[in-house]
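Just one chain is shown here, as structure tokens, and it is the form predicted on its own.
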């Protein structure tokens, strides 16, 4: 008499021929706890010592709100711009061979290697009213340096590689024959891009946007030189935290940092949900 096979129950991990799961998992959890969880827990604990009334007073202070709006708003705009132009740069590097292509490819990584303070000084020199670019824009009534526009340009500079290097490998996996087949079936250029290429690139584009946005929110070195750091106009949240620390107001500094942490977590969670949805839909 045959017996029915036993139903497979829930398992913590799938069977694998690769040994060392317990050791590597324990090391990973310990490392993440020491490097990420403990510092963040200390930040939350220090801000919680304020009490709800004091914390709410700092969170609703007009200067704090304005600094957060500038930091998150400029980071979002810069990341959105990088999604468009970063995808175009990745397309050019993947689809075309031209003289100096390797040099252009290497220049994309320049913001990774360049110290952020150097980038900020260079951008300020260019876009100041008496700079090479700023002197051309001033007669048109366009002021870049010491305005939120200057912050956006600085964040575009440091965030571009995140989009390009995220989209480029995925784009290399898409064969040119796919575009040629779509063209032979009567698709125009816009249809090829919107219906053939973008669905496959969507998860990578969302990932690049998330990385560029996260980098921009916490950027400090390349921004303080070109921002002007004027309260209520071009003051970013990381700078406000430094100011509170210099005033020995550690509670206010940790409160602002905790607010930035919570807002960043919510926005990245939304981005990850969109990314998961796009992967399920487009593969």
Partner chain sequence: MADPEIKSYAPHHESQSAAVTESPTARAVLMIVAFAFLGVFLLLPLIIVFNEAFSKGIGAYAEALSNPDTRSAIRLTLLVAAISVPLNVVFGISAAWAIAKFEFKGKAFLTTLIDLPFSVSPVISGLVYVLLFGAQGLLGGWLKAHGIVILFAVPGIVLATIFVTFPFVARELIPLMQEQGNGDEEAALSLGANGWQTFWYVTLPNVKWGLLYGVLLCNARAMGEFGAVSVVSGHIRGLTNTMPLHVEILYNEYNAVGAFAVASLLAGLALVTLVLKTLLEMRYGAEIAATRGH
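Each form is matched to the other, and the largest set of C-alpha atoms that superpose within 1.5 Å is called the rigid core. Keep in mind that this is a model prediction, so the values were computed, not measured. Numbering follows the first chain given and starts at 1.
A second form of this protein, the form predicted in complex with its partner chain, is not displayed here; the remarks below concern that form.
Trainee: Within 4.5 Å, heavy atoms only, which of 202, 77, 196, 92 is in contact with its partner chain in the predicted complex?
Mentor: The residue from 202, 77, 196, 92 that makes the contact is 92.
Trainee: Looking at 68, 57, 50, 40 here, can you tell me which has any non-hydrogen atom within 4.5 angstroms of its partner chain in the predicted complex?
Mentor: Partner contact (heavy atom, 4.5 Å) among the options: 40.
Trainee: I'd like to know whether residue 213 contacts its partner chain in the predicted complex, with contact meaning heavy atoms within 4.5 angstroms.
Mentor: Heavy-atom contact with its partner chain at 4.5 Å: absent for residue 213.
Trainee: Give a yes or no for residue 266: in the predicted complex, does one of its heavy atoms lie within 4.5 Å of a heavy atom belonging to its partner chain?
Mentor: It does not: once its partner chain is placed as it appears in the predicted complex, residue 266 has no heavy atom within 4.5 Å of it.
Trainee: With a 4.5 Å heavy atom cut-off, would you call residue 88 a contact of its partner chain in the predicted complex?
Mentor: Yes, contact at 4.5 Å.
Trainee: Does at least one non-hydrogen atom of residue 253 fall within 4.5 angstroms of its partner chain in the predicted complex?
Mentor: Yes.
Trainee: What are the residues of 90 to 122, in order along the chain, with a heavy atom within 4.5 Å of its partner chain in the predicted complex?
Mentor: Those in contact are 91, 92, 94, 95, 96, 97, 98, 101, 102, 104, 105, 106, 107, 108, 109, 110, 111, 112, 113, 114, 115, 116, 117, 118, 121, 122.
Trainee: Does residue 65 move its CA by 2 angstroms or more between the shown form and the other one when the core is aligned?
Mentor: For residue 65, whose C-alpha is compared between the shown form and the other one after core superposition, the shift is less than 2 Å.
Trainee: Would you tell me if residue 214 moves between the shown form and the other one by 2 Å or more at its C-alpha, with the rigid core held superposed?
Mentor: False for residue 214: its C-alpha shift is below 2 Å.
Trainee: Once the core is superposed between the shown form and the other one, does residue 175 show a C-alpha displacement of at least 2 Å?
Mentor: Superposed on the core, residue 175 moves its C-alpha 2 Å or more between the shown form and the other one.
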